[in-house]
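There is one chain below, alone, in structure tokens, taken in the form predicted alone.
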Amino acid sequence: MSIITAKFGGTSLASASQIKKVADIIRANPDRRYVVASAPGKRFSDDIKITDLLYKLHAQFTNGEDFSGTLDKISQRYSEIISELGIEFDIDSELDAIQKNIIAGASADYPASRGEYINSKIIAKFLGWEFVDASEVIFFKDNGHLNEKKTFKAMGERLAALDYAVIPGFYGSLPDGSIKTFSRGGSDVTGSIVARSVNADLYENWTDVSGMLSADPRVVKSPKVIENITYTELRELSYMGASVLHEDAVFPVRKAGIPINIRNTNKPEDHGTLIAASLPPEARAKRKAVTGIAGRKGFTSVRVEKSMMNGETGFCVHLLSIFAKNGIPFEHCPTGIDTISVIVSSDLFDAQRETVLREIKNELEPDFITIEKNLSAIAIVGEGMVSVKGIAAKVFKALADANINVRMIDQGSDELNIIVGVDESDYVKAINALYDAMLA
């Protein structure tokens, strides 16, 4: 029997009708043996996520405010779910425990985790499965980092004894037993940890979209779904913000060679996006050279020019160290014989601008320093680009035809991506021009 770990997001579990839909998906394949559940998300645009209500509950108590109204909203939401599912579940006892622990001084992580905790217990009850508390099998170190060795061992041993189980996402425990949460979206990480711990054959991540899109739908109208993508390509696109997965969720399964399938709870018949170490031959044969296009705004270029720069050993290292000691990581670093441009986040640079410029002038004595703001970076990504002639020409022709000036060019040595910098005012036009030329 194969093992599938399936994680369901907040929108997939926002109501009793959604939970019933999820139960049908789970029961449709007996290989789906371990389910990771999120807290109930939004049912409609103006709705409030349970996790947000729980954070609000803690903040109201901390500020000495009356939190009974927020507690009532949480109770009502869960009571509706329990009633519509037709199960017996004592929600009052669960909420009493939350209230007592908040009053006793629990950190904000504790109430925030209870959305997943309660929802997972409800789902386990509805399915007739075992419930496994994440705090008993996911462990953090005192510094807040995941204790991978201890977690994988405890999770693997616990689940090996169970045929089917529901595990809440988003949290674990610190050495002192207190609750520690991942960052928002951390249920993806829990799902990945479970898949890695049981050596799953597949990690399914069920959400409200039918896979990863080849471009931002807020910029490009109806972009295509990427059916197959490698971990490496995903990393490149995720860096530019084009991912439906929590970034940390990729690494545990990638290391173990476990593929990820992004699926749509509301359209379970859709193939979604399969993420793996390499593409299957049939997928590689029919895909285009470019897999996806993604971009980010908010960059500044600091261009340093000095005659005979190439003869000064360590010039680039010295320059980058100035940015580093001021807490500014560099994003890209195109160079010439006598010039080097450091592309950085505008927000980070603006906060340290005068200090950085002063240190560059004093320590490196450049001929000129030129600052260019309001830049955006766009990545054209695809493992197939390396074997196709004329990709770069096609990229720059598309931008030229759209009357877009390219301010920066950066290409990795593995030819997995081409990154171009354009003015923010040209950002939308540039992405659409590139999409039409490479993917439409």
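Just count from 1 along the sequence shown to find any residue number. Quick caveat, the model's predicted, so the values are computed rather than measured.
Not on display, but discussed next: the form predicted together with a small molecule.
In the model of the complex, at least one heavy atom of R184 sits within 4.5 Å of a heavy atom of the small molecule. Interface membership of I380, defined by any non-hydrogen atom within 4.5 Å of the small molecule in the model of the complex, is ruled out.
Though the partner is left out of this view, V35 does not reach within 4.5 Å of the small molecule in the model of the complex, counting heavy atoms only. Although the partner is absent here, Y203 is not a contact residue: none of its heavy atoms lies within 4.5 angstroms of the small molecule in the model of the complex. From the list 285-293, 186-194, 259-267, 339-347, the contact stretch for the small molecule in the model of the complex under a 4.5 Å heavy atom rule is 186-194. Distance criterion of 4.5 Å from any heavy atom to the small molecule in the model of the complex singles out K49 from the list K49, K394, R407, H58.
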